[in-house]
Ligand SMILES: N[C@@H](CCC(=O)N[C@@H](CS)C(=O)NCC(=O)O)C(=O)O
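Quick setup: one chain, the form predicted on its own, written in structure tokens, and binding and motion questions come after.
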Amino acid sequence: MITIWGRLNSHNVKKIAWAVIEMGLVHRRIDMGGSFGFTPGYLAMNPNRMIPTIEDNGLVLWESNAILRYLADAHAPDFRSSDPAERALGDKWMDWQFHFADAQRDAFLGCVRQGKVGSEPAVARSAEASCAMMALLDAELATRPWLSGKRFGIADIPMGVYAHTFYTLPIPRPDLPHLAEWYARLRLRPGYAETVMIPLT
């Protein structure tokens, strides 16, 4: 059984919780971080005071996108392209997600955790930066149906989590038809509603 440590209102934990459902992996999740704090045992596994961390058959691993790659390679190879070029294109967008997270952070924190409105300067700047970056993703999705290539895979999971936040925050958004269509298909995926489409907190 795979053990996942992390609170589900974390974007990075949502990635792993969604992935294991998609892959049909037996797992359990233990709340950790945020209001749950960190136990000494957890910090012995991950001294970074970050989430998530997993344990699988003796392997302890942290960093969410590294976990996604490991889970696919070890348990669900169909979720990761066997073609090096296609895999690299997906990996690019997985790593790009961290830049997007930086851009969206002030809008998320302002609207969700601080009760601010979209016109507040820091929120507005963050929303504008998020929209500009999502336009890049929209252009990419005009060229293929999934960030992973011809079919859904782990490369769609990181930005899939952030796309839900993007479409849920009370901010102005441009018309991004390819992004919207991809997001609509994600909403039909098993596990997405259960782990990603939950109230933002």
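All residue numbers are counted from 1 along the displayed sequence. This one's a predicted model, so the numbers in the text were calculated from it and none came from an experiment.
Omitted from view is the form predicted in complex with the ligand, to which the following refers.
K.L.:
Which one, I51, A163, L68, L176, lies within 4.5 Å of the ligand in the model of the complex by heavy atoms?
P.N.:
It is I51.
K.L.:
In the model of the complex, does every one of R7, S10 and F98 come within 4.5 Å of the ligand, counting any heavy atom?
P.N.:
Checked in the model of the complex: all three residues contact the ligand.
K.L.:
May I ask you to check whether E63 falls inside a 4.5 Å heavy atom distance of the ligand in the model of the complex?
P.N.:
Taking the distances in the model of the complex, the answer for E63 is yes, it comes within 4.5 Å of the ligand.
K.L.:
Although the partner isn't part of this model, could you tell me whether F38 comes within 4.5 Å of the ligand in the model of the complex, counting any heavy atom of the residue?
P.N.:
It does: once the ligand is placed as it appears in the model of the complex, F38 has a heavy atom within 4.5 Å of it.
K.L.:
Check whether G33 has any heavy atom within 4.5 Å of a heavy atom of the ligand in the model of the complex, and answer yes or no.
P.N.:
Yes, G33 is a contact residue.
K.L.:
Where, among 167 to 175, 134 to 142, 42 to 50, 151 to 159, do residues come within 4.5 Å of the ligand in the model of the complex by heavy atom distance?
P.N.:
It is 42 to 50 that comes within 4.5 Å of the partner.
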